[in-house]
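What follows is one chain in structure tokens, specifically the form predicted alone.
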């Protein structure tokens, strides 16, 4: 990934119509932006759709980037919005057609068979959208609570609280049952 100065230089060039500069920006950030969209949508196909939407939206919004945040932070916010839009469209389609089944994960997702990964995906799916988004931006995109707060339009303390509560909920959901959890009464 490029440094912030490199990202800003590419963004300036892209604003002047240099498509190669925008392509380079896309290549530099595709992996992490995809990780954000995948964690929010929880479906590789939807994540790819959101990824494409995110970069298209970023291209259209080049002139609106104000420079108050890092270019990467700006891209993650656009990606999170695109992913949430895809999720909303999917929910709307499912609610309109009760017989519609969710699309299966792509066979190319090598980690889908992992029990740990499945448990983590299930735990993330159990979170509310606001907690899942905060956790993804923190732990996948690597943003700090100040940046998360700016992206979500909430105070940094609220962002910190959401990340903490999301981690606590995920940890509880992933916790292995112990012998103390199955205490039997007298026989």
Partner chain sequence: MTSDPTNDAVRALLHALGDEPAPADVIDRLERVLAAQLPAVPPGAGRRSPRRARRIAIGLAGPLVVAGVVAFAVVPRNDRTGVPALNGAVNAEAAKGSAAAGAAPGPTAPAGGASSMFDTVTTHPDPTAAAANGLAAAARAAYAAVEAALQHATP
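Just so we're on the same page, rigid core means the largest C-alpha set that superposes within 1.5 Å between forms. Positions refer to the first chain, counted from 1. These numbers come from a predicted model, not from an experiment.
Form predicted in complex with the partner chain: not shown, discussed below.
A.B. asks: Taking the partner chain in the predicted complex, would 14, 66 and 139 all count as contacting it (heavy atom within 4.5 Å)?
C.D. replies: Spot residues vs the partner chain: full contact, yes.
A.B. asks: With a cut-off of 4.5 Å between heavy atoms, is residue 119 one of the residues that contacts the partner chain in the predicted complex?
C.D. replies: Contact check for residue 119: yes, within 4.5 Å of the partner chain in the predicted complex.
A.B. asks: Taking any heavy atom pair closer than or equal to 4.5 Å as contact, tell me whether residue 124 reaches the partner chain in the predicted complex.
C.D. replies: Yes, residue 124 sits close enough to the partner chain in the predicted complex that at least one of its heavy atoms falls within 4.5 Å.
A.B. asks: Please check if residue 128 has a heavy atom lying within 4.5 Å of any heavy atom of the partner chain in the predicted complex.
C.D. replies: Contact check for residue 128: no, nothing within 4.5 Å of the partner chain in the predicted complex.
A.B. asks: So in the predicted complex, is the partner chain close enough to residue 160 to count as touching (4.5 Å, heavy atoms)?
C.D. replies: No - in the predicted complex, heavy atoms of residue 160 and the partner chain never come within 4.5 Å of each other.
A.B. asks: Can you name the residues of 47 to 66 that have a non-hydrogen atom within 4.5 angstroms of the partner chain in the predicted complex?
C.D. replies: Residues within 4.5 Å: 48, 51, 52, 55, 56, 59, 60, 62, 63, 66.
A.B. asks: Is residue 142 one of the residues whose Cα moves 2 Å or more between the shown form and the other one, with the core superposed?
C.D. replies: Yes, the C-alpha moves 2 Å or more.
A.B. asks: Does residue 170 move appreciably between the shown form and the other one, meaning a CA displacement of 2 Å or more on the superposed rigid core?
C.D. replies: Yes, residue 170 moves 2 Å or more.
A.B. asks: Knowing the shift is 3 Å or more, I'd like to know if the C-alpha atoms of residue 85 and residue 143 are closer or farther apart in the predicted complex than in the shown chain.
C.D. replies: Closer together, by at least 3 Å.
A.B. asks: Once you compare with this form, do the C-alpha atoms of residue 84 and residue 148 lie closer or farther in the predicted complex, given a change of 3 Å or more?
C.D. replies: Result: closer.
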